[in-house]
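Presented below, as C-alpha cells, is a lone chain in the form predicted on its own.
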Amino acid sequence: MTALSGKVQTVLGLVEPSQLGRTMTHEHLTMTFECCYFPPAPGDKMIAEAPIEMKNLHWLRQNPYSCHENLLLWQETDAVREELLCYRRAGGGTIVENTTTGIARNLPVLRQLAKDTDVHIIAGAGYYVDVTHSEETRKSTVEKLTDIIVSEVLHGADGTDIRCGVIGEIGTSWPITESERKVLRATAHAQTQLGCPVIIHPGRNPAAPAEVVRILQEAGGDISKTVMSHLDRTIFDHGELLEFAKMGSYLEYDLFGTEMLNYPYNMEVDMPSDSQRVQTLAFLVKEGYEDRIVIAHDIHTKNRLTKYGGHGYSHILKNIVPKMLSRGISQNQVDKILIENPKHWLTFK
C-alpha cells in the first residue's frame, strides 16, 4: 500500500478513478517511430521522400512506415492539441500515453497538453523494444531497471517532476531478447512494489502474448493489472484467443482506424478491418470477457491525424461505438469497455 493506493496518477497529479470517463488505453501524443522505419519499394522512393500532400495520402495509408516525415509525430503538437479538444467535445475523458524511453517521450509537452485541453493524460514508464535500448539499458541489472521504473512513477521521469501513472508500453520483439526479458522482470518487480497498471507491446507472433505473461508471472507480476496490446494484429484464431484470454490479462484491440493491405513487419498478417475488429469484440463479449476488454487507436504516425486526412483520436467514440451497438454489444457493455475496465486497470492497488 502506498499513497497512490485507490488513485489514478496523471501528468497533472492524482485523480479519483471516477473522474476518468471514457478512456483510450493506448495512444501516443508526441513520439518518434524512426526505430521502425521500413524502406519503400524501389519504385516508391520519390513519393516516400516527398512532403505529405493530398495526392499521396492513399500511398501513405498503405505504407505509413516508409516515409521518414510520417514517423515524426512529435512535430505535430499543435495538431494534437486540436485533436484532443475534439476528443473532449466528443465525450472523451482520458488518454493513456504509451510513449516510453527510447521513442522520444516528452513529459513537459504531455503536461501542457493536459492543461490546455482538460483531457486527463497518463504517462508511461519503462522501455520500448530492444532496438531502442541504449547500451546502458542493456548492461543494467534487473534491480537497476526496477529502481528506474519505480522512480519514474514515484518521483518523476527524464529529469522532471512529472510522474508516470502506468508502466508501459513495455516493448518486446519476437523472439524476446535478453534485454527485453530483463525489462519484463523489472516491470513485474516494480509492479509488485507499486500495485500499478502495466501495458505490454507483444512481438508479432501468435505465441508472443502468452510468453510475455509467463515471464511476468514467474517474476511475480500481477496479470490481472496488465494489458496485452495489439491483439488485433497478433492472435487471429478464436480458439487460440480464448486460450490466451484465460491467462487473465486485459485484452486490448488498439489499432482501430488502421487498415492496410500489407503489414510490413509481418507479411503473414492480414490486417483486419474495423468491422472485423468489432466482430471480434462481439465474440469476446459473448464468451464472457466484457470485463477484460479495452480499446484504442494507437496513433503513432502523422497520417493518422485528421490534419493529414486520418481518423484522429475521436474515431472510436464517433464511429466505432455506433457500430458496436449495431452488432449486438449493449450500451452497458460499451460503457464497461470504455469507462469501467480502464478505470479498474488504472487504479493503483
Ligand SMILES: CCC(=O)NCCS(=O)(=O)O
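Numbering starts at 1 and follows the sequence shown. Keep in mind that this is a model prediction, so the values were computed, not measured.
One more form of this protein, predicted in complex with this ligand, exists but is not displayed; see below.
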Legend entry - Steric status of site, this ligand superimposed as seen in the model of the complex, threshold 2.4 angstroms to backbone or C-beta: open
Legend entry - Candidate spot F33, Y128 and L255, all three touching this ligand in the model of the complex (heavy atom, 4.5 Å): yes
Inset, instruction - Tell me, out of K225, H201, R163, R105, which residue has a non-hydrogen atom within 4.5 angstroms of this ligand in the model of the complex. - result: H201
Inset, instruction - Taking 4.5 Å between heavy atoms as the contact cutoff, choose which of Y308, W59, Y65, Y289 touches this ligand in the model of the complex. - result: Y65
Legend entry - is_contact(E169, this ligand) in the model of the complex, heavy atom dist at most 4.5 Å: yes
Legend entry - 4.5 Å heavy atom contact, R233 and this ligand in the model of the complex: yes
Legend entry - Heavy atom contact within 4.5 Å of this ligand in the model of the complex, the stretch among 40 to 48, 293 to 301, 280 to 288, 320 to 328: 293 to 301
Inset, instruction - Let me know which residues along 244 to 280 have a heavy atom within 4.5 Å of this ligand in the model of the complex, or say none if there are none. - result: L255, Y263, Y265
